[in-house]
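Below: one protein chain in two forms, given as structure tokens, structure 1 then structure 2.
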Structure 1
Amino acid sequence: MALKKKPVTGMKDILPKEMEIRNYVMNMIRETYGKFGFTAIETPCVEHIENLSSKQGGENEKLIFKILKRGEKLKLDTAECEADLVDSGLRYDLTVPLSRYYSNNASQLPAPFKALQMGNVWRADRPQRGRFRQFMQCDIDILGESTYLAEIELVMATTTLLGKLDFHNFTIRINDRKILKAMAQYSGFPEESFDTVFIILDKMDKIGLEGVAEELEKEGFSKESIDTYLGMFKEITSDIEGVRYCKEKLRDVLDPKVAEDLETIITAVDSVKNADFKISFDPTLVRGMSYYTGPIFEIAMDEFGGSVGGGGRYDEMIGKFTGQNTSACGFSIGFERIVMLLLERGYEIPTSAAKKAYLIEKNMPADKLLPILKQAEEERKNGVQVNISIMKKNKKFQKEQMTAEGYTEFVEFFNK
């Protein structure tokens, strides 16, 4: 059987130019988030199948790469169902592993705990532009902080990072799951049907108000409920006034503190932001994960045409492990999409060290090679990146290749 050169579908080889950008972005993430007090941690890429299939990961639970039991535990001849064959899987996000991590190590961690995670995750998804089956995620989470300070810090840290990476005119869309539920309740939808309503609402940006109305009708909901529900979206604005409208309109079904806290988050971020973006109240924002319990947010970028990050509050997930709920809130940036956008715009790393190439004539004797090596080492000590290569016959093509890699100066050494 012939060996295959191409990577597995949905995965990719990373060439040096992209790797340079990726490393730069990762270093910028560590530096920026570190200034906000986030501490780097790491969790295993393999997670217990029970944790991955706990009905907290939404649609992602249908995309798990599952791992067969090994050795004597794998009994193919007597297996009656999947559970007899599978005991673990590759993580599809970093939030579920973080919740397990915190549950297992909380006694050794500060409170509140501000965690930074970067690592690959896997989803058996349909590959497309900016979407792979193996991809890097970057999450920041604050565990043990119940106030809106967590949301403010997460949004500020994330937008500061994007500003440093030269992104402009993006939008932070923000909503609250409690407002979502209050609007559905006020409109008369049965509570057991809320998830169905939200799944349809999540299509608003693609099918519009009329499309949402049609799909709700197909589900058998009453015209009165649909008209009341969609009528509110026509009235709600995308600013503080929109939040205040919800507070007043939904006063019989919504704790006023929910709207007040959301208003504080929006006002605080808008007042102290140090990047070029706007924060916008969006009552149609749903976020697919069922574990969200409060404020939710996404990053919208026109140049991508969709979301390049998101997150929210998930105060009940850790309690699934410990039996006691712990306040938790997180924000994940779409690392792969950010890198893709930087590459597409020809982004140049602003702080790159000088790159110099030493081209050495073939068969250079050892006594003449040694001073060249020492010279290169001195330049490296002074911050110059020096690449030593044997001179090729087609020296012009060799220099063109190295110029494409960012080398700006060439020094040639001959055996004379």
Structure 2
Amino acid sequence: MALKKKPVTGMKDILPKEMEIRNYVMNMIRETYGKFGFTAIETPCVEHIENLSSKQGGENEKLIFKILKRGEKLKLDTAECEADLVDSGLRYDLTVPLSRYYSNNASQLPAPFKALQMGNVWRADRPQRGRFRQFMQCDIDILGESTYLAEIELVMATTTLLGKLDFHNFTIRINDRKILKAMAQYSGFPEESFDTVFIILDKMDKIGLEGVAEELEKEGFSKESIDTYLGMFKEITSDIEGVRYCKEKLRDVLDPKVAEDLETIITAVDSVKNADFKISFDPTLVRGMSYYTGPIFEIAMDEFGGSVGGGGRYDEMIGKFTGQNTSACGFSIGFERIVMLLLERGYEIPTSAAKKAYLIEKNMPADKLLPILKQAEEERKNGVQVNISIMKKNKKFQKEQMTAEGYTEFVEFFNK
């Protein structure tokens, strides 16, 4: 029987060249985040269907790859709906499994717990260029740290990583969900409409201030609210002066500590940073997921024309699951986008190991093969990469192919 040669729809085979970049980035992630005290953990790729359908996943819950029950548990003849057929699914993110992991293992984990997760997630999204149905996510989370130390460390770790991967001139956009809400409240929008307002605000970078005003009008919000709201965005600068403006202006609806903490985060990152980026206050930053409770942030990169990562504080999520409140803050980098950018750039991985190819004439007698193998072992022990092949008829082509693979030195062995 012939195999289906292509991967399943929306997923991809990873060729050696890309794999080399992926492994390099993964090593850099482990090394860099490790220096900040994050420890790697792993959860199964398969998760209880109940946990995946717990409403924490938003739109992603519609994209689950569901797994059929097995053996006697599968009762096809009496099954009435999909839910009767499945008991689990592939995880669509690493946050829901992290919550489960933490509630299952907290007694064996340090407090605060600084977790690093790198793993595949699956979403049955419509296939499109550059987006795949299996992709790697890379999250760091600090659980049990209620102060802004968590935000500062997350942003420092992430920007240090990006710097080491040779990214420059990017921007960390930062806001706080509490400022976002206070601005809407101050402007007189009804609280039950906040989400509608934020969905429109989120389009600011695409449709501009006028576009946002138009859409808010279409929704039927009062002219006064809209004017007050947009008036503030015109006033607010993207530095700590902007934060101070919010603190002053919103003093009746916002705990001043929220603005003070945000100022501290921005100041700290700005003065400690060791990579080439800027951190800017952006009151239009929304971040889709409703579970955020405090500071939120996103990485903007001109080169990419969009976000290559983001995160924020979600102090109420784990408690909802476990019954015990646990402050939590996380930062997820867009691993696939970073790999894509490095590939497009033709990024050369810094390597020190020499790569040698041994070409051995065909039918070399066993006794003459031995010293060659010993020589290879000796070289490998000294750190050299040695690839032994049988010499082909078309030796020229063979060498060209190996040169493309990065082999710079050829040693030929003949039977004579």
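Whichever C-alpha set is largest while still superposing within 1.5 Å between the two forms counts as the rigid core. Fair warning: this is a prediction, and the values are worked out from it, not measured in the lab. One-based numbering along structure 1's sequence throughout.
So which is the form predicted together with a further copy of the same chain here, 1 or 2?
Of the two, structure 2 is the form predicted together with a further copy of the same chain.
Taking the rigid core as the reference frame, is the Cα of F36 displaced by 2 Å or more between the two structures?
The answer is no; the displacement is under 2 Å.
Return yes or no for H168: a CA shift of at least 2 Å between the two structures, with the rigid core superposed?
Result for H168: no, shift under 2 Å.
Honestly, after the rigid core fit, is L74 moving at least 2 Å at Cα between the two structures?
True for L74: a C-alpha shift of 2 Å or more.
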